[in-house]
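One chain is shown next in structure tokens, namely the form predicted alone.
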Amino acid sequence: MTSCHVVKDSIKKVAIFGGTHGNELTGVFLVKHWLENAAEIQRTGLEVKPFITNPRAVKKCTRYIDCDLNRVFNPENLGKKISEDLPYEVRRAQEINNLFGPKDSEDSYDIIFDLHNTTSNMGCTLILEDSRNDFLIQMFHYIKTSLSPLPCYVYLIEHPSLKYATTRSIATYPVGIEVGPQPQGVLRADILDQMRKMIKYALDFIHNFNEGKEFPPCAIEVYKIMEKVDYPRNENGEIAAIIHPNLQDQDWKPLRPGDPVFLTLDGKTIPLGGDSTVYPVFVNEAAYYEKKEAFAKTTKLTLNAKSIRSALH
């Protein structure tokens, strides 16, 4: 078929990362389970490796030890000379790059699923780094369809200055999975079940693809990051207003100019400025206070993918 976008090869090597942030426990719990009993993640002809990414942070149940592991996978850090003076997470990034990469090489893993929790009310979220990747758009469409009627959102972090060097970016196809709301250091059965299903459907998709199934053209709705918004601050740089009750837990919902965004302690409402409707994500995320991010503004787009099938069939 001339319209068919043929992916060169079948998928051979997949990794599932848990504990990139040591206090996001669903991925930690699932990966530890799969390290003991991998039956549910095994698929014929596919190597699937569960892996605890930041064991020291997992042991201490903290996000990281020295710096955020999910931000250091850039050429500068990966190329640094190994020494004890390097932050733990930079040394760990080099180890992970050696095990699953090297990044941008033919030897790197085909797919890395990086499992995260958010304290924000984001439900099931898939994170996409490249809007032109037919294979991942097809996979995300399959996962979304399989999860239905449970909603599953796609967060596109493609942006010239806001995209960051993720742990999963070693792989040819990096996939971020966020499920929330779940407090840090806590396990919730419903959140765990949702993440487990997302991985199951992703692996089913890969299996079907490897078996020669052709996936017809499809389209998915995505939310593309536009801007990160900080909390209002006083002259000392301290937070001067908190997320307004009308915005709390309203991830993915339209936020219109003039809608309440922040609330000061003396009861003053700070509304959304600008002249366009945005869709907030990571609203009041606990881990982002240190990053000075109250929420991110996104815009809604539709991405289309060509039909795909494995070149081996």
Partner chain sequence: MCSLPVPREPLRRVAVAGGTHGNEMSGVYLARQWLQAPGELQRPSFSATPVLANPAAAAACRRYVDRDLNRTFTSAFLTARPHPDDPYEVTRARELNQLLGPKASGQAFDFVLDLHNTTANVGTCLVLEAASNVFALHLCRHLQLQSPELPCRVFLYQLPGEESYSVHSAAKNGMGLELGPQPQGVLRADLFTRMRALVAAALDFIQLFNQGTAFPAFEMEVYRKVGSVDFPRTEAGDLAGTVHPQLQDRDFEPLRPGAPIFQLFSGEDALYEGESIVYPVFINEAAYYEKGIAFFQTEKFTVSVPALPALAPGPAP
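Positions refer to the first chain, counted from 1. Keep in mind that this is a model prediction, so the values were computed, not measured.
Below, we turn to the form predicted together with the partner chain, even though it does not appear here.
- For the options Ile65, Leu263, Ile52, Leu46, the residue carrying a heavy atom within 4.5 angstroms of the partner chain in the predicted bound form is Leu263.
- Here is the short version: of Cys218, Ala165, Ile242, Leu156, the single residue with a heavy atom within 4.5 Å of the partner chain in the predicted bound form is Ile242.
- At a distance threshold of 4.5 angstroms between non-hydrogen atoms, Leu147 is out of contact with the partner chain in the predicted bound form.
- Although the partner is absent here, Val186 sits close enough that one of its heavy atoms falls within 4.5 Å of the partner chain in the predicted bound form.
- Using a 4.5 angstroms threshold between heavy atoms, Asn97 stays clear of the partner chain in the predicted bound form.
- Though the partner is left out of this view, Thr119 does reach within 4.5 Å of the partner chain in the predicted bound form, counting heavy atoms only.
- Although the partner chain is omitted here, in the predicted bound form all of Phe29, Lys32 and Arg196 have a heavy atom within 4.5 Å of it.
- Only one listed stretch (274-282, 251-259, 65-73, 32-40) carries heavy atoms within 4.5 Å of the partner chain in the predicted bound form, and that stretch is 32-40.
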